[in-house]
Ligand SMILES: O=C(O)CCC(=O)C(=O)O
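In the block that follows, a single chain appears as structure tokens, in the form predicted on its own.
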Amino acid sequence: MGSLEPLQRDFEVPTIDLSSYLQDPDSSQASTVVEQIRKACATSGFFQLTGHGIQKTLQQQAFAAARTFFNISDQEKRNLCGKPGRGYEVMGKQFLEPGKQPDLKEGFFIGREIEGATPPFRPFQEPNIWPSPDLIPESQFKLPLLDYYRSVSDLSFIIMKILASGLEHSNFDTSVFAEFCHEPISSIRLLHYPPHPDTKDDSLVGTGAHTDFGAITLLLQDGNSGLQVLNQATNEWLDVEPREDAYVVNIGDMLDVWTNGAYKSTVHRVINTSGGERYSIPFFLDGNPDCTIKSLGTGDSMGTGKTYTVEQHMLSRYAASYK
């Protein structure tokens, strides 16, 4: 075990304060933030972000919208189902971990609003599906969630700049990040986990063990624990305790491929053992659909010798995880 001790010590989910970077991205304090984030992405692939500038009231409004939505009737929710990446997802729709039962969660996807878009729509660019104002007033759902989406989207672009800065001394050409962030596939996903059943059946999980599909994820948690990250060196699960107002940020598969693993996409899962209802709101930055996924330095693309567009990658991962 002696050879694993450094890995055990380095594998953590640190909390990083972004405020000094936002105040002056060229300051020495901002450089420290860039290095802290680089180190986190190179080890666990996860960190918690505070000082991010998103108002607590907007976060609270987003959670209130989620609770309101998931409390309407099953039939009313099912009437709002759409294609993957839009609208309501019924409980057990997704299978993220082979050998496990369907995920014990329900969700609602909201993507980027594309003004003036007309059919036929590209995958993941269909219009959003909204409850009628008679069912849930727009002031309680659509409007605060669109404000929240825009705020977290802007924050995700800042994080991508920081991630590019962290690679300045590598041989990676990160100029593609600007293309990637132009008119991206991106979404927020309202998630509701019921209390975990009182059972010893380990095939039941809230969200099965997986890596995220896109570039980065920004997760807002309520006060209930459940998120776990796998230290593959020791095969141990690390609990990520919720921090008020903080975002859990993690690297997805696209950045892992682009950086040849310099930034790590790490396996994680959710098991809601809090004893109560659990709500979370991840934001996924998946990128411009025509952007190519391949190593930005030397080496293979996804270990196959092929390259993929964002759209092709997302379609493949969704097809594999949805029934």
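A residue's number is simply how far along the shown sequence it sits, counting from 1. Since the structure is predicted, the reported quantities are computational estimates derived from the model, not experimental observations.
Although it is not shown, the form predicted together with the named molecule is what the next lines describe.
If you check the named molecule in the predicted bound form, you find a heavy atom from every one of 189, 219 and 270 within 4.5 Å. With the partner omitted here, the stretch from 59-67, 255-263, 30-38, 277-285 that lies within 4.5 Å of the named molecule by heavy atoms in the predicted bound form is 277-285. Note on contacts: among 247, 88, 141, 193, the single residue with a heavy atom within 4.5 Å of the named molecule in the predicted bound form is 193. Checked against the named molecule in the predicted bound form, the residues 77, 243, 93, 210 give one hit for a heavy atom within 4.5 Å, which is 210. Under a 4.5 angstroms non-hydrogen atom cutoff, the named molecule in the predicted bound form has residue 227 among its neighbouring residues.
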